[in-house]
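Presented below, as structure tokens, is a lone chain in the form predicted on its own.
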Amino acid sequence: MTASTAATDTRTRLLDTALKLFSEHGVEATSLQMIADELGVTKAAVYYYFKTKDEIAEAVAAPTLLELEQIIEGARTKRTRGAQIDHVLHGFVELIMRQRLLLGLYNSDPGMQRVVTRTFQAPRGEDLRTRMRAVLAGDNPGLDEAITVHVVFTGIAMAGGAPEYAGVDDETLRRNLLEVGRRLLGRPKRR
């Protein structure tokens, strides 16, 4: 194993451990020392990778936000609004299915909400929410269309990470999230 591979493995383990501890204790109640202890390393080893807990929380959320950005950009390549909506809805539900633990944390933890909200703000001037709304409802949606998009995707994210659905198997939850999303967005039923 090279030094680079070992560093990547340690960083990955650190982020996995942080997500686990954040979900158990919350971002604010999880200390860098707790993360180090759980990993079996020194606090200095944690500081080698991240200087603050917020940096760790941002790194935990970053891959999911990057994937969401890729889903939105992929939808922009589709020719019709219906194809764009279907692409985003399917991609978003699949993302949620893979990130149920992170979504549950985002839904319940003010520390993670703060970090994700800050990370959502794109330096290009158009944040992810605005870009998603534009793909799904057009560049100048009416209030009803904008609210529908907001309700659908906030609701799907909240339901996907809700503790009361933690015991629902992935396929059942996936099917229900897609059906509700399609219905609310006015998409025809899939056969």
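Given the structure is predicted, the values throughout are model-derived calculations rather than measurements. Residue numbers here begin at 1 and follow the sequence given. We call the rigid core whatever largest set of C-alpha positions still superposes within 1.5 Å between the two forms.
Only in words, not in the display: the form predicted in complex with a further copy of the same chain, which the text now covers.
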Is there a heavy atom of K78 no more than 4.5 Å from a heavy atom of a further copy of the same chain in the predicted complex? no
Tell me, yes or no, whether T172 is in contact with a further copy of the same chain in the predicted complex, where a contact means a heavy atom of each within 4.5 Å. yes
Please determine whether Q33 contacts a further copy of the same chain in the predicted complex, using a 4.5 Å cut-off between heavy atoms. no
Is the gap between R100 and a further copy of the same chain in the predicted complex 4.5 Å or less for some heavy atom pair? no
Exactly one residue in L66, V151, A44, A29 has a non-hydrogen atom within 4.5 Å of a further copy of the same chain in the predicted complex; which is it? V151
Work out which of the listed stretches, 36-44, 50-58, 66-74, 161-169, brings a heavy atom within 4.5 angstroms of a further copy of the same chain in the predicted complex. 161-169
Counting only heavy atoms, which residues in 129-158 are within 4.5 Å of a further copy of the same chain in the predicted complex? R129, R133, L143, D144, A146, I147, T148, H150, V151, V152, T154, G155, I156, M158
Is there a C-alpha shift of 2 Å or more at E28 between the shown form and the other one once the rigid core is superposed? yes
